[in-house]
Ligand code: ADP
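Shown here is one chain on its own, the form predicted on its own, set out as structure tokens.
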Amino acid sequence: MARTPVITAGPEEDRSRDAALRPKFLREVIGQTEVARRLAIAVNAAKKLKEPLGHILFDGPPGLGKTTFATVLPNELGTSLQMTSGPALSKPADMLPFLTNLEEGSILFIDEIHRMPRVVEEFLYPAMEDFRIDIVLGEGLNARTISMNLKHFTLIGATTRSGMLSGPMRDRFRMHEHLEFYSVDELSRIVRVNAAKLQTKIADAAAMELAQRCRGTPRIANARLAWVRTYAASETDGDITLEVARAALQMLNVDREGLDKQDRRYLETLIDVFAGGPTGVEAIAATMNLTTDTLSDEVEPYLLREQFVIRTPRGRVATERAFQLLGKKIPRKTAADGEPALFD
């Protein structure tokens, strides 16, 4: 089947850099090894059985490759891809252009699928199960329903919050793949491969240094590679050495742990103002003059994952690792209100 250009719709983030560096086929994907193997088996089976690929749901934190897998699979199958996002689909009619233009075996990708309204979600049920949609024409006593058959297609959904999807929606996906954070070695390979695509020479030690500061996330690795490449082109001969990488990342205020200026400011506020906690996120946000959502969605996830901060029933508490990172003296705390001491 001939491949047609990608059709996009709805508000999207600027993905031009990631699109240029994105793998084209499963064999080019670095990391997510088990997921890639299962997808390769599913693709192989679909080709041999001459059936469309089963519906797939990808979930995991931002920047780990959900969109990459969605764009790789049409290339593997030699079919077309249509893309949209959950926030762009406010009513069932918004789905009609996508569903009616589908080709046999083509793929429909919905990013942030958890943000679809429930009425759109329910409209998709017969499309996913029976490859048909029911369209209501008119209103009141004069209303009538038309059932329209669709070409067999594959729906791929991507979400950072799979728990927000309803049970009936999740159950209609044959495959549910969770994407994990990448290892430093995997990120180092990604940095080297992408530097080659950008026609930039990078030392292995520099690639490893970048990988260690990218929070296990390829999207962050690509962004920081782009900055280091810009710095190298401006300040040196364009080659990225270990010294150049360190200087560029220092200018970006990214330390060896991958923490940026905002992360360290959060820890400094928690330790210096609140004596390491426990304290509520609202109090920290007010002190930093930021919104609570900014801290909860952008700052805290990495600090919690790397155990610089823990959540307790009484609020956020800085760990010994956070004190050591900032070179602060660890206070001795005794048990209070029935809660065990953290640093006693």
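Start at 1 and count along the sequence shown; that's the residue number. Given the structure is predicted, the values throughout are model-derived calculations rather than measurements. C-alpha atoms forming the largest set that superposes within 1.5 Å between two forms make up the rigid core.
One more form of this protein should be noted, the form predicted in complex with the ligand, which is absent from this view; the next part is about it.
Contact with the ligand, judged by heavy atoms within 4.5 Å in the predicted bound form, is confined among 292-300, 312-320, 23-31, 274-282 to 23-31.
Here is the short version: of R213, R229, R264, R219, the single residue with a heavy atom within 4.5 Å of the ligand in the predicted bound form is R219. Of the heavy atoms in L64, some are within 4.5 Å of the ligand in the predicted bound form.
The closest non-hydrogen atom of I107 lies beyond 4.5 Å of the ligand in the predicted bound form. Under a 4.5 angstroms non-hydrogen atom cutoff, the ligand in the predicted bound form lacks L249 among its neighbouring residues. Residue contact check for I190: one or more of its heavy atoms lie within 4.5 Å of the ligand in the predicted bound form. Although the ligand is not shown here, in the predicted bound form the stretch 154-184 places heavy atoms of just one residue, Y182, within 4.5 Å of it. For E28, a C-alpha deviation below 2 angstroms is recorded between this form and the one not shown after rigid-core alignment.
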